[in-house]
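Okay, so here's just one chain, in structure tokens, the form predicted on its own.
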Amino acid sequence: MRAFTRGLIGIAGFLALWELLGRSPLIPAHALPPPSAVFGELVTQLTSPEFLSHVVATVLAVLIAIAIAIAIAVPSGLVLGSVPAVRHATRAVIEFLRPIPSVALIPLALVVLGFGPETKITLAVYAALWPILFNTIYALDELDPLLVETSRVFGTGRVGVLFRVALPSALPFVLTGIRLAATTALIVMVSVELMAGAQIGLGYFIMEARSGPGRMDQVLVGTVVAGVIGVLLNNGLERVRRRWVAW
């Protein structure tokens, strides 16, 4: 409760500072609208079916990207973490691909996949893959050999050890990787929608708001909603981690 109260005080202080700067003569009103104007516009947009469709499109695409990343990264991490030969053979390729920013692949993705939702989902999957993959590999590095030997004494095969011993032991690391991947996927999703000319989504809403006469209040509405989605994703996955792996 004390931490929650401190968090509210921090938010209130941030909003008060923003309000002062927004109404200060040092900053043009059109460049930084105060939060009172932004939240007023937010209430208006939340009653707009068009804006809600943008929010739903982004959230749905992020959830799809996370699900695909989990389906790829967890099995791959289990294999790479348990088979040293495969890990050494793929290390150079993985270390080459991992630092490449997803936004740098936008031109290639547009040529290969076009301007549909497949582009932003693919790039979000690419970005979300690495935290889950490496957390799974590192989890297997921390696996107690005694657990493996004990399960083998009782006749458990290699596949059984992988799914009955290694995966449950790796679950806390995997869930942490998923939590990191979720916010990463959201960042990439909105960036791709903003930069790649998407037809729907929060990034597209922000791009439309800043074009023409420029509605900075609407730009900040899209930014605030993206931030709220990120907080909800992070907190929701943290609650899942605490419930599933409280041990």
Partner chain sequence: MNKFLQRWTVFAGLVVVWQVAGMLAEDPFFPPPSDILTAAWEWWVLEPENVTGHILPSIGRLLSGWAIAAVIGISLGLLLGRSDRAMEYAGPLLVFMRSIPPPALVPVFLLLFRGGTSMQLATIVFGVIWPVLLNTVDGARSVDVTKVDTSAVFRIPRHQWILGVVLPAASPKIFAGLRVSLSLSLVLMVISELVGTDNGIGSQLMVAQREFDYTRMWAGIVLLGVLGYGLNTVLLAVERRALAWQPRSRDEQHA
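Residue numbers count along the first chain shown, from 1. As the structure is a computational prediction, the values presented were derived from the model and not from experiment.
Another form, the form predicted together with the partner chain, is not on view; read the next lines as being about it.
Non-hydrogen atom within 4.5 Å of the partner chain in the predicted bound form for each of Arg6, Val111 and Val219
Each of the three qualifies.
In the predicted bound form, does Ile206 come within 4.5 Å of the partner chain, counting heavy atoms only?
Because a heavy atom of Ile206 falls inside 4.5 Å of the partner chain in the predicted bound form, the answer is yes.
So in the predicted bound form, does any heavy atom of Leu171 sit within 4.5 Å of the partner chain?
Output for Leu171 is no: heavy atoms all beyond 4.5 Å of the partner chain.
Taking heavy atoms only, is Gly157 within 4.5 angstroms of the partner chain in the predicted bound form?
No.
In the predicted bound form, does Val190 come within 4.5 Å of the partner chain, counting heavy atoms only?
Although the partner chain is absent here, Val190 would touch it in the predicted bound form, with heavy atoms inside 4.5 Å.
Exactly one stretch in 129 to 137, 102 to 110, 116 to 124, 69 to 77 has heavy atoms within 4.5 Å of the partner chain in the predicted bound form; which is it?
Only one stretch qualifies here: 102 to 110.
Would you kindly say which of Val59, Ile200, Leu194, Leu42 lies with a heavy atom within 4.5 Å of the partner chain in the predicted bound form?
The option sitting close enough to the partner is Leu194.
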